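The chain below stands alone and is given in structure tokens; this is the form predicted on its own.
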């Protein structure tokens, strides 16, 4: 089972839900994996307090043109949808930072003048903490495209047990790359005007992707009831409500999981998983 945890905006508690759910399942003896796909600013590892076993450099293949063989036909530029390679008069220009690594330009070149060279985009690190198998990606500083690194992180998804994906915030390409292919997407929001506005955008996204979904409302006892009313109106299941508990905030400031600072929440995160399973009856969950 693959559970994606996302949010329409940052700061709603997405990482809090993902890390505590993963640790809750591990404490019950379930096989669980946590993948932090928020590669621009991964932070799940700060709460798991783990040591990394392996680190792997991830590269993207980008075109390199042999000027002696190139005839300037322009077919490479015609096939590239992102203008990563263009032909101006008889000169071919490449822009590696725009390249998505599809390899189309080298395939259509009639002279075989285009080869591919690796361009480093980030790293993947793996580790384990208290039964949670963990993977995250760290995007190279200055790199503009995160989806290729997110795809590499998702290649580590295990076919056994439960895999939890901590997605980037928002509804743009990196988020779509992170959540697509999941069995369910849990959207974490807060009862504020911004929270509601971005939740509506996120709901439109998961519906367009055809993903089963539910909502977790963080700090549910503050603000107004407009988020709850919206979920009821749209028949969106609210799978968990987390109150504005000072103990949670104090624990968070110390880098603690909710399960560590407020142990009675283990039962509530267990109930969250049961609610998630109920929304995905076609998925068989194996320990």
Partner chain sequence: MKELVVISGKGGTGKTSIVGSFAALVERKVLADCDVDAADLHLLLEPRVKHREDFRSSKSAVIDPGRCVQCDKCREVCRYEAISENYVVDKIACEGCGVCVHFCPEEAIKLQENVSGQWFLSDTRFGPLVHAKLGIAEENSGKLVAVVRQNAKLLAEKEGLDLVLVDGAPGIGCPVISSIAGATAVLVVTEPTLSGLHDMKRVVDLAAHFHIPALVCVNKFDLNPELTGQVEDFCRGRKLKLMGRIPYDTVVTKAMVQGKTVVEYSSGLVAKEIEKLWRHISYELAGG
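Positions refer to the first chain, counted from 1. Because the structure is predicted, anything quoted here is derived from the model rather than measured. Just so we're on the same page, rigid core means the largest C-alpha set that superposes within 1.5 Å between forms.
Heads up, the form predicted in complex with its partner chain isn't pictured, but that's what we're talking about next.
Remark: all three candidate residues (100, 209 and 223) come within 4.5 Å of its partner chain in the predicted bound form, counting heavy atoms only. By the criterion of a heavy atom within 4.5 Å, residue 183 is excluded from the residues contacting its partner chain in the predicted bound form. Taking the partner from the other structure, its partner chain in the predicted bound form has a heavy atom within 4.5 Å of a heavy atom of residue 82. Heavy atoms of residue 94 never reach within 4.5 Å of its partner chain in the predicted bound form, leaving it off the interface. Not displayed here, its partner chain is approached by residue 144 to within 4.5 Å at the level of heavy atoms in the predicted bound form. A heavy atom within 4.5 Å of its partner chain in the predicted bound form is found for exactly one of 214, 77, 169, 127: 169. The partner is absent here, but in the predicted bound form a heavy atom of 176, alone among 132, 87, 176, 113, sits within 4.5 Å of its partner chain. You can rule out all but one of 39-47, 227-235, 25-33, 66-74: in the predicted bound form, only 39-47 has residues with a heavy atom within 4.5 Å of its partner chain.
With contact defined as any non-hydrogen atom lying within 4.5 angstroms of its partner chain in the predicted bound form, the contacting residues in 249-268 are 250, 252, 253, 254, 255, given in sequence order.
Residue 108 shows a C-alpha shift of 2 Å or greater between this form and the one not shown [criterion: core-superposed Cα displacement of 2 Å]. Residue 85 is among the residues whose C-alpha shifts by 2 Å or more between this form and the one not shown once the rigid core is aligned.
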